[in-house]
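First, one chain by itself in structure tokens, the form predicted on its own.
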């Protein structure tokens, strides 16, 4: 039986919330850093999902988003390279709909059942923008989820699924447009969400021969908290059956929303419990899952709980607008990375692969031809450094650095990796005044900007995410 083998999630560290000058709303909104986009967040969720799983066992990666970095080029291949997966795998982007995440889940499940693959990684991520200071933008948050789908060691089996398609201009973004748009509220909800999602869930429950009373946890998409409560009541679920949607903690994360809520449900579930998952967007997808006793074996995931608990409250709304202006800047501006250099160095740049000397066992990054310890030549095996911890050996603050002015000073660090390897990385998600020699760091896949139509990705170091647990300084 096909099902979920592992799960992961990512919520950006930064939030708009109480304490943010100019925010003036009681809840919080998750905000991607200036060097994050939908692809980097997907890689972070995938890394959380894979944990210590052997990445050679993964046969494919699907990337779902309405905000892909390219109009013509697979983001899934870049994500797979950053996740250090094999090259003989399936990769696909699923785009242009808020139900792309569950569409990828359905496709992965069917592929596993067909025997074409044994394990597929599904990622869903979005960084959607509404018009600044508008109600829609206030409600939109950024985030990502990842699910590893397989047919062995599953923590939750996928018992069935159901989909309906619906043609309706309710919420959309034109090709090349910056902002999400919507039609008049009454039309959008009465002809769209409030009609289609309950219809799909009701038809699916009837098809399965079960009722809402048989469901332990209901996970379903909603545009906002009001409609989420309305549909939950309309379907007949009791409040204790409904998964918390976290609108007041991160906002509506678009394509990733339903899968992120599913991750949250899996974090607090027990063997034998049934989960209903439903998403919406140009129709609806519905799934029934049953948790197995393998759920107890999931350890060490940040998931939703630890991601939501570790945060940095932004200083001002103007700072947020500067982040968004940078995110929406023209990738076609002059300059940019060299495609040939990226290709030549893609193992070191994207997968953050170093080497281990086969003679003396010394780990080295960047990759070398001659061992720095025993001087053996061209006798190495590749080693992934992206999931290794490190310490700051030394650092420098650059007030004129080649990063946006609002993010200065830039912090360049010399990092010593555990077990060996030393290299220079920019630091992100930090307070510059708190950086010091000897501090712990971990690695994070980020964008270095765009130019000439090329999005330039690489790795940065950052203070351990858990160091921000319950810390809300700006």
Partner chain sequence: MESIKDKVAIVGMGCTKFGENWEKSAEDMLVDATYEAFEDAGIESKDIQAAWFGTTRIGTAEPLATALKLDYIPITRVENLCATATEAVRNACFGIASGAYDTVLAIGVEKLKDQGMGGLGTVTGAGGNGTLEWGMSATMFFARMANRYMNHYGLSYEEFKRILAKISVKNHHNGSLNPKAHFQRDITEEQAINAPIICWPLGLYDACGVSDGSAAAILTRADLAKNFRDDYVLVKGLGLAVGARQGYLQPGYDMVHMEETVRAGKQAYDMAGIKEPFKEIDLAEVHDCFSITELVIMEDLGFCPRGKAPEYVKAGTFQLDGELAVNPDGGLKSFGHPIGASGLRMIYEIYKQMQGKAGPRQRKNPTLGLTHNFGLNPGSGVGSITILGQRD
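Residue numbers count along the first chain shown, from 1. For clarity, a rigid core is taken as the largest C-alpha set superposing within 1.5 Å between two forms. All values reported here derive from a predicted model rather than from experimental measurement.
As for the form predicted in complex with its partner chain, it is not shown, yet the points below apply to it.
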Is it the case in the model of the complex that 198, 208 and 239 each bring at least one heavy atom within 4.5 Å of its partner chain? no
Even though the partner isn't displayed, in the model of the complex is residue 150 close enough to its partner chain, meaning a heavy atom within 4.5 Å?
no
Quiz item: Would residue 393 show up as a contact with its partner chain in the model of the complex if we use heavy atoms at 4.5 Å?
Solution: yes
task = Answer yes if any heavy atom of residue 448 is within 4.5 Å of a heavy atom of its partner chain in the model of the complex; otherwise answer no.
result = yes
Partner contact for residue 59 in the model of the complex: its partner chain, 4.5 angstroms, heavy atom | no
Per contact check vs its partner chain in the model of the complex (non-hydrogen atom within 4.5 angstroms), the hit among 51-59, 417-425, 25-33, 38-46 is 417-425
The one option of 366, 132, 271, 361 with any heavy atom within 4.5 Å of its partner chain in the model of the complex is 366
Exactly one of 397, 164, 298, 322 comes within 4.5 Å of its partner chain in the model of the complex through a heavy atom, and that residue is 397
Near its partner chain in the model of the complex, with a heavy atom at 4.5 Å or closer, the residues from 440-463 are 448, 449, 456, 457, 460
(Q) When the rigid core is used for the superposition, does residue 169 move between this form and the one not shown (threshold: C-alpha shift of 2 Å or more)? (A) no
Comparing between this form and the one not shown on the rigid core, is the C-alpha shift at residue 362 2 Å or larger?
yes
